[in-house]
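So this first bit is one chain, no partners, the form predicted on its own, shown in structure tokens.
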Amino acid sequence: MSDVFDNVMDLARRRGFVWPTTECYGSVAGFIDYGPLGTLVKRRIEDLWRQFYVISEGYYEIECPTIGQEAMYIASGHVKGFSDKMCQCPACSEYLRADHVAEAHQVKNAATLSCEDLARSICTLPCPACGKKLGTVEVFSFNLMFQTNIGPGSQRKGYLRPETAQGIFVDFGRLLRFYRDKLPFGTVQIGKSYRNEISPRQGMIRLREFTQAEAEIFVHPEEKEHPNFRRYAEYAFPLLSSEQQLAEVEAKTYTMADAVSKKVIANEYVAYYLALTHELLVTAGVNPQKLRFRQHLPDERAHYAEDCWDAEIFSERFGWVETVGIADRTDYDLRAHADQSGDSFTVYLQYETPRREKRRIINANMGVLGPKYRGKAKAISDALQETTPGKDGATVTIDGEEIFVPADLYEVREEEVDVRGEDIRPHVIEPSYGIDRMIYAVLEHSYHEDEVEGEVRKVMRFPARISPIQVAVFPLMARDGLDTIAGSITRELQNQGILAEYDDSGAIGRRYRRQDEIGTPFAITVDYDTPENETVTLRDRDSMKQVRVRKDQLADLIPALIRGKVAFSSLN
């Protein structure tokens, strides 16, 4: 018996939403093609995301290369630690995600087990590919990045980016100047990321090439009260905190104000973007009854993160699927790139009034230091300011070399100075969206089957602003001038930026069904009354109700219906 997943994917392939890539050569798991309608849905969801983050939040978008040099991913930790635990089935030689095999059989905390413990936990389990018992297998770490070479001769190693975030982090200095050296500020990026998944078996849920939409919001580490928090202070939805998970109790509904005051959520910034994400997902077409926010458990949260939550969407086939991650990443990323590159990745913040402070000043005797250390003298003098000298001298590190500087080559004194500001390294709040997972959730949650006049009516109940075709225009008959009027209406709507589709093929009922199946929210029918009274029939997809409206109202009415400014039920 087919389930919702089978029905959705059958419709998606048949009607041009999504299908396997390179089918003529044998499709490869982890890659998909978006068809004509799927591409439209994808663009509309991306533009909805931009509406929330770029237009409403004021976070400008940048676009970075999808290939990055190795140094960037050494700093970010991806070269060393971006890996999954893998094993190979002795019977069929299929490579498997060991933790996924364990999780499928209710092994608790599989993702946090060591390779040795995972091997022991799966030895009696069946291979998901061939069904035979795995037995004794070796579990080992497999780095998920796609490696490449930049330029000829393999002189410089590069990687396809596993996330869009690092491009924003390394651009921090230029972005800071763009935002006039003030905090807070944010920058966003939407684009392709790549992960060489071991054994992707979940269609659109786990891809090797996928689209991410990420925002990096740079805030003062001691000022995490969001300036517009009141926008979402009373916004409420289910939260599954780490304490609730450990106690094995259900998610509980909180307002964001209550969640912050009760320390369920670490700070207002995290709470604000949890609420914004909830609103965005519901606007896109995710069923709010199948949406929850789960806090990372202590053993799964990154050691540097202050707080981390996942927006999880329920799928009939896959259960709760992580779709968005919202984290307070502290200053980990900027500090890592500062250590690797030598740049400061800090912001100079000027005080309102100067502060009088005692400072220790180390004045190097450059007359002696220069001849003794030559080209390193200036670097040594600067490094001395960061040391705590001993009785006999101080040790500094220059280009990896430790140098002892005798006490008679510098003078230490304390003096009071006016301090006009300080350099601080911002913390980063990161909402990270998996666009492809959002699209699958919207497809599944929008799919419905009704019975109309003894026949099954398949309908995609997309929100109007997400629908690929926004309005269909039908002449009742493709003659007697009705087709000319319908063509004129179609062009007029297209001139308004509406994606309108003209269709005169087949019986009118069949045309309605075709448009219902791809989610077109409204249909306009030009009939034999139109030439006489200048009215047309406007049909609503969900209720199947029809009203007569004036033809000259359509250019204003259809955009208003699509944007939700006018409800169809309000039309006479």
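We number the residues from 1 along the sequence you see. Throughout, rigid core stands for the largest set of C-alpha atoms superposing within 1.5 Å between the two forms. Predicted model only: the values in this text are computed from it and were never measured.
The discussion below concerns the form predicted together with a further copy of the same chain, not included here.
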property: The unique member of 125, 499, 183, 452 whose heavy atoms fall within 4.5 Å of a further copy of the same chain in the predicted bound form; result: 499
property: 293, 232, 373, 345 - the one with a heavy atom within 4.5 Å of a further copy of the same chain in the predicted bound form; result: 345
property: Triple contact flag 5, 327 and 434 to a further copy of the same chain in the predicted bound form, non-hydrogen atom at 4.5 angstroms; result: no
property: Stretch in contact, per heavy atom within 4.5 angstroms of a further copy of the same chain in the predicted bound form, of 486 to 494, 308 to 316, 358 to 366, 401 to 409; result: 486 to 494
property: Contact of residue 513 with a further copy of the same chain in the predicted bound form (heavy atom, 4.5 Å); result: no
property: Proximity of residue 34 to a further copy of the same chain in the predicted bound form, heavy atoms at 4.5 Å; result: yes
property: Partner contact for residue 209 in the predicted bound form: a further copy of the same chain, 4.5 angstroms, heavy atom; result: yes
property: Heavy atom of residue 545 within 4.5 Å of a further copy of the same chain in the predicted bound form; result: no
property: Stretch 58 to 82: residues contacting a further copy of the same chain in the predicted bound form, 4.5 Å heavy atom cut-off; result: 60, 61, 62, 63, 64, 65, 66, 67, 69, 71, 72, 75
property: Rigid core superposition, residue 93 Cα moves 2 angstroms or more between the shown form and the other one; result: yes
